[in-house]
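Taking the form predicted alone, here's one chain by itself in structure tokens.
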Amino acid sequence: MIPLQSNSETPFPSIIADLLGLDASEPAVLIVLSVVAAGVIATVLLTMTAVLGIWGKRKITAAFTDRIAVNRHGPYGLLIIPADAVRLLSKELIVPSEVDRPAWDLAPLIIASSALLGFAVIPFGHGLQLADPEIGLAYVFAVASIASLGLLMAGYASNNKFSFLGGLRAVAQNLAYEIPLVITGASVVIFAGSLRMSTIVEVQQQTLVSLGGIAIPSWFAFVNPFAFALFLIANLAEVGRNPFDIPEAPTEIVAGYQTEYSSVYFVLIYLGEFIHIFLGGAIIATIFLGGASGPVLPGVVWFFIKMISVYLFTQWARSAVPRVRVDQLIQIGWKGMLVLSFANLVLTAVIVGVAAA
């Protein structure tokens, strides 16, 4: 395994400062470099979202359902990305009558920006981390949950009963599954002994067991597979993928909270949805799959492989798993996931306590 040192020693802005020969200790220089570093990471994420969200989604879904996806616009249909961007951004922004305009305007921005903020503490590789606070994991959960406010605002402000139902469903779903998500994440914190993201990654660099000369790393997905499975399921609900795509449910409520949005606002909501999927994948890669660790390839490559693997899992679920009813969703969350997540937390605490004794 390639060891991954603490990212707090060499944050991304400091690396840029070293490359440019600047003094990162100067507050003004650090602010500017932090903005530049954030812009670089946001550009990479938005580009990946455009490719996998517009082109990749269609190709993946077509492969799962034995169909032919986009293949006419450029090589492998890749030019569908700029074509769709021009098509959507050039459309008229239609504002329905009697909408609550401030909330209606702000909702798409909140949905998209909340996910981007979460990437500020994600360690993509050694030094490729904007910030590494002691409350890193709590910060990610906190800013990602802000999207629930945006979904509710979009549903309520649209003056549409289907949108309102979608917003209420989104809040009910997020409440039911964010708690198991956070509690399951807390079991990882008990193992790692820290909320700092780089520390959680470092703890997973140790060897769990050696089989035939092959070292199995102590990734928390191997140490506690039950917690890993719980987190994967709760993450599906958080990003609204089958069987938990209740807030949109096109066959029931048209498109839910996004029904009345068009043009650039629809693009923001659509991007926000996929950025949240990638944020969920980044969290899972960091706290369960060893972050950027891996043999031969650079750490940042391994990190994106793991993150995209989680994305592929969500797309498989979207194509293969039927949607549950809204009452079943609530029962699974409150009567199933919540109980199991607390049981996992208690069991983890007992195991760690006995091991430390």
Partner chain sequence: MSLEEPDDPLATRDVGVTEEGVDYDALADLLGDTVIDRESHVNAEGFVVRPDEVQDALFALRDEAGFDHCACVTAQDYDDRYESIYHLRKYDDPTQEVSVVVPSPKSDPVSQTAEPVYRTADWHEREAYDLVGIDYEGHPDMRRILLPETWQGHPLSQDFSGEEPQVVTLREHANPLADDKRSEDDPDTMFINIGPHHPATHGVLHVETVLDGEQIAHVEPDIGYLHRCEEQMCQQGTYRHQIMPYPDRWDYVSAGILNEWAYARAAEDLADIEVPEYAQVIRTMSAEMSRIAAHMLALGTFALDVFGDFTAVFQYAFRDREVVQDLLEDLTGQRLMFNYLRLGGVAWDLPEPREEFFEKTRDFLDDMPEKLKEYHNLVTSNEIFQMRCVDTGILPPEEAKQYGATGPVARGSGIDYDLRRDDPYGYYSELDWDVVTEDGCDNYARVLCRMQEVEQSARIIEQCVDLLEDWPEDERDIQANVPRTLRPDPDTEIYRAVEAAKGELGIYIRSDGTDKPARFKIRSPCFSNLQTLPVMSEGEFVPDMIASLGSLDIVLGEVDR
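Just so we're clear, the structure is a prediction, and the values are computed from it rather than from any experiment. Residue numbers count along the first chain shown, from 1.
Heads up, the form predicted in complex with its partner chain isn't pictured, but that's what we're talking about next.
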Name the residue from I60, V324, V300, V29 that puts a heavy atom within 4.5 Å of its partner chain in the predicted bound form. V324
Single option in V254, V223, V267, I81 placed near its partner chain in the predicted bound form, where near means a heavy atom within 4.5 Å: V254
With a cut-off of 4.5 Å between heavy atoms, is F162 one of the residues that contacts its partner chain in the predicted bound form? yes
Taking any heavy atom pair closer than or equal to 4.5 Å as contact, tell me whether P102 reaches its partner chain in the predicted bound form. no
Does any part of S145 reach within 4.5 Å of its partner chain in the predicted bound form? Heavy atoms only, please. no
Is G77 a contact residue for its partner chain in the predicted bound form, using a 4.5 Å heavy atom cut-off? no
Any idea which of 47 to 55, 306 to 314, 65 to 73, 290 to 298 reaches within 4.5 Å of its partner chain in the predicted bound form, heavy atoms considered? 65 to 73
